[in-house]
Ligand code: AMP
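As structure tokens, one chain now follows by itself in the form predicted on its own.
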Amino acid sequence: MRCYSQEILDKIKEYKKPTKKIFALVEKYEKVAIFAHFSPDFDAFGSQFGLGVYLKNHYPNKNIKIIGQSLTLLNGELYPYMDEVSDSWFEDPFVAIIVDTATLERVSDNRYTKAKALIKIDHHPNVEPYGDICFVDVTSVAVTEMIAVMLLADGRTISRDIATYLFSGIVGDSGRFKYASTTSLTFGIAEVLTSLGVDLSYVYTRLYVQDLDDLRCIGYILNNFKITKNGFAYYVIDDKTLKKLNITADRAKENVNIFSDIRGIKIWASITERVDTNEWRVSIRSAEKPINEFAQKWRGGGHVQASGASLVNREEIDIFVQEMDDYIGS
């Protein structure tokens, strides 16, 4: 039996009770559906597939579906494609597990509303405590870190594939272990997962793979970004430009960290038009100053150094930029 650090053992002990409650509820249903938020990131995918494959391995007679949006450069590479599920599947009783999603309005598929029971597993501030079981740990760098501890607490076999999914989510949500929310526990859990056979080269190559359209997008950003007097750097890409660059809004926002580690830039953001939801989505990152409460004022929220917001029209962009600059200078 593997020996864990005292820090990991303490966390496993803390997670024992909620883990037992979650698995006890799962065991009551023949059908399980795992959801996450729209515009999924590495933590969302890693959480869904890490937990989903674990449940499939240990409950082979259950009907388990992983539901959400697929992304071209990730699904089929690092992660499998999402399950395509007809509406009739949801007519029977099932338990829905929603991961990495602070509020119900952000769930990518509203068929979770048909569930007989609901489980929330999240690490964002608990602004909406939904679910029959609401398991939130804001001290965790990622939900994949939470699920890794849960599976250790459960005590059954964690396969190499599961470890790979969980590790990828931790890498993604910690900014490759750079964000302030990264802790010694994060490194400890990462070490446990890599000991289960995770191929680091395989993960990193697929997490950050880009194509020529991404390169053209970076070129556009470098030629069109703006920076305010107090150090707010941002770029704006409307739908017309997205089509010209042959790139999605989700891919365009992934380049937001091009401004990290640049002296003089204190907070940075991508602002991309989403015609499907009639909004401008903002991804915000910060070197030091907290941005989650600022983001909440703009229909968003998130973590201290990584948050998102939503603008209802182009006219709000100038207001948002000015208020952010004032906030940095305050």
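Start at 1 and count along the sequence shown; that's the residue number. What you see is a predicted model, and the numbers here were worked out from it, not measured in a lab.
There is another form of this protein, the form predicted in complex with the named molecule, and it is not shown here; the text below is about that form.
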Have a look at 258-266, 280-288, 56-64, 27-35 and name the one stretch with heavy atoms inside 4.5 Å of the named molecule in the predicted bound form. 280-288
Taking 4.5 Å between heavy atoms as the contact cutoff, choose which of 111, 206, 216, 106 touches the named molecule in the predicted bound form. 106
Although the partner isn't part of this model, could you tell me whether residue 19 comes within 4.5 Å of the named molecule in the predicted bound form, counting any heavy atom of the residue? no
Counting only non-hydrogen atoms and a 4.5 angstroms cut-off, does residue 253 reach the named molecule in the predicted bound form? yes
For residue 120, is any heavy atom within 4.5 Å of the named molecule in the predicted bound form, or not? no
I'd like to know if residue 68 sits close to the named molecule in the predicted bound form, meaning any non-hydrogen atom pair within 4.5 angstroms. no
The named molecule in the predicted bound form reached by all of 169, 175 and 178, non-hydrogen atom within 4.5 Å: no
